[in-house]
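One chain is shown next in structure tokens, namely the form predicted on its own.
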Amino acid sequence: MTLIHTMIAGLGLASAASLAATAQAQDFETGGKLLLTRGISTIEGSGGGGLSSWALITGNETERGIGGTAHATQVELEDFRFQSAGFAIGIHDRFELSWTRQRFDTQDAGAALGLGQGFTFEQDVIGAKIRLFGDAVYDQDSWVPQVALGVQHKSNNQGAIVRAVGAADDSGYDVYLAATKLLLEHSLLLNATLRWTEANQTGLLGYGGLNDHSLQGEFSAGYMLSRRFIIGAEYRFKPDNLGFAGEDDWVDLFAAYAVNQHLTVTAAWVDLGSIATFDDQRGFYLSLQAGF
């Protein structure tokens, strides 16, 4: 905006208006974001890392446009399989709306838990995010990060089962505050998120139980090997609300590659700890994201 204001001061009003209109049309048509700066799609559908929501707004749009993404993710663990698919819309690089369907397949572990082999939990996650201040890309001369406030409403399809294992409800909501800083000179991305949640295994095993909402931290760091390729790690603290089974924090090591401005591929090694009494749930994560 500083450049546009300077041009307005130096040129006639008509010429400045024409240039601004041209820039606006170009931004809307071509997107304009740097590769990878829309983030990838989290398992809950928001723009961020694989496990953690970031302050970045999804889509390739600048402040003058509208963009969007669609994703499909699969996580293969020792005893379980997790899948998610959904879409998100970014508006003027300020607002984000998202929807995701999650599917958690208990596979052989379902029989051992008395649920039946291949018993499946599903839930819908509807999210909204607003960028409050800061710009992760353009504020390179400031230490102020991009900060966003988000909310996610989640609804599980197995109400009777999650209550039977100690959850208080089959639906709930998370509120999170995320701060993301991109240091282009050092090829470094840093993120910290505070999430107010009562979700058990992100809600796949219901909400609440021994405790209500609590604050949990999420931390991410990434190093950009090139403008297309980033590697990094995430750590997500989790609540522990179910008496029958402990819930561990989550960690991943990820690599994301932007094939072009429309397609991003992410792979990761994940350690999700203990899930429903089954320990050492480690495995591999693969996600495809298409966007405009």
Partner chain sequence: MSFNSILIAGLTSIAFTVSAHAAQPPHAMPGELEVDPYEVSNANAGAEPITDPAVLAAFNGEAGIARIVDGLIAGIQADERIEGVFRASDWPRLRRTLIEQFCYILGGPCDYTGRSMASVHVDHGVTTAEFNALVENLQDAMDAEGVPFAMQNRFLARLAPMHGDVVTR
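What you are looking at is a predicted structure, and each value in this text was computed from that prediction instead of being measured. Numbering follows the first chain given and starts at 1.
The same protein also exists as the form predicted in complex with the partner chain; that form is not shown, yet it is the one meant from here on.
With the partner left out here, the partner chain still marks one of 138 to 146, 154 to 162, 108 to 116, 214 to 222 in the model of the complex; by a 4.5 Å heavy atom cut-off that stretch is 138 to 146. No residue in the set Gln83, Thr120 and Gly273 has a non-hydrogen atom no more than 4.5 Å from the partner chain in the model of the complex. When the partner chain is considered in the model of the complex, only one residue from Ala168, Leu194, Leu184, Leu97 comes within 4.5 Å through any heavy atom, namely Leu184.
Shown without its partner, this chain lists Val259, Ile66, Leu253, Leu34 as candidates; in the model of the complex, only Leu34 has a non-hydrogen atom within 4.5 angstroms of the partner chain. Using a 4.5 Å cutoff between non-hydrogen atoms, Thr266 does not count as a contact of the partner chain in the model of the complex.
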